[in-house]
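Single chain ahead, written as structure tokens, the form predicted alone.
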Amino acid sequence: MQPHIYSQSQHNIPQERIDSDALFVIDRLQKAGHTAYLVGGGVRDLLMGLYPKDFDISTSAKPEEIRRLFSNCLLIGRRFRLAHIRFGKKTFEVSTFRAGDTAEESLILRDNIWGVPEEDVLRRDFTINGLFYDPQSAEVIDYVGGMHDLQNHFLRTIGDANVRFKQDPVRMIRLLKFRARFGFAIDESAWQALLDNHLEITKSSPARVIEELLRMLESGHALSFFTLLEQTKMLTILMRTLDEECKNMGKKELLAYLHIVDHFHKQHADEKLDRTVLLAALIFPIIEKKLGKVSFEDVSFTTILKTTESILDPLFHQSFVQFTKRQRFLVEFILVMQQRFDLTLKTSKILPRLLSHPEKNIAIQMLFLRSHSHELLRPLYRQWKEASRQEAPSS
């Protein structure tokens, strides 16, 4: 299989946007006689004029050979052997080129059969993620038509979509993720394969699915993503309680806070709301609907606690995605704390004991989201935010 090679003048990737330590890793691998490329989402983002969050590397070097070259290397995984090379807080994922049968429909449970670049690329998910970049020659190497699809804003699986989704059902989540993030059109066969195979997602690792969901809540495109989950019936599998409330309340009402979440993350690219706050933002509209109130200064603590528990119990115990006990505890804390904040509307008093609570800031983040949904709560948020700042030096 012959690749299409794109020169610097054709792709215009600015090398100054590539992390210098990633370039160092590739250079050392190549000088040791190995093939090594930047691969995947990092190449895609560079071609789109974005700043990549990750710089993944693929190489002909075996994991043990990578470890011998880098003292800061840690080999991880048994079923999927990878090298992590660390530079301070940064970690670069270095994978060895894989081979294997890409027509086999069963789940990929082990993937340590080494291969060459043209075999490795066939095991990747979408054509736009199947591009290699060689910093030494400044060439993009394309075996799968990824450049054409990227230029035409098109999402296409590498290989038969039905097979690829059965091999790794999380790819269906990723398809919706890229649709939400980039607005690209989805290949008709891939869309139909997702609709036909959406139940396959239950064969995935819940931890992987949860991580994809949480990353999308942080992405600035959460509203579009969760709308797609509901549209494709994936939401009813992953978070049945939310799907049921979508039908009861309507998507617009249930997902109202995600619009605010997205706006915040787009305006503050380097600052993320706490993940438990993001989960709380999915649930809070249900509480508002059940209690029929914007503020809860006249609602008893017992009432809001019972209402919160009636929502969290099925969400955390009857969903495919399984959250940790700590996440459950913190989400409940965030939600019931809103009633404590709202009491200020009636008493005009800040409760000092709340300011000393170690988790107060995540609860105040939720109040921030509420204040952007309901104008009457904005003075309340400013009051608590200022009180929290004044308390900080002595805490």
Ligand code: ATP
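Just so we're clear, the structure is a prediction, and the values are computed from it rather than from any experiment. The first residue of the sequence shown is number 1, and the count goes up from there.
What comes next is about the form predicted in complex with ligand ATP, which does not appear here.
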Non-hydrogen atom contact D56 with ligand ATP in the predicted complex at 4.5 angstroms: yes
4.5 Å heavy atom contact, R328 and ligand ATP in the predicted complex: no
Touches ligand ATP in the predicted complex: K177 (any heavy atom, 4.5 Å): yes
Ligand ATP contact at R156 in the predicted complex, heavy atom, 4.5 Å: no
Heavy atom within 4.5 Å of ligand ATP in the predicted complex - residue from K290, R208, K266, K247: R208
N129, N162, T241, T227 - the one with a heavy atom within 4.5 Å of ligand ATP in the predicted complex: N129
Per-stretch contact check against ligand ATP in the predicted complex, the hit in 29 to 37, 65 to 73, 337 to 345, 48 to 56 (non-hydrogen atom, 4.5 angstroms): 48 to 56
Complete contact of H11, E118 and P135 with ligand ATP in the predicted complex (any heavy atom, 4.5 Å): no
Partner contacts for 144 to 176, taking ligand ATP in the predicted complex and a 4.5 Å heavy atom cut-off: D168, R171, R174
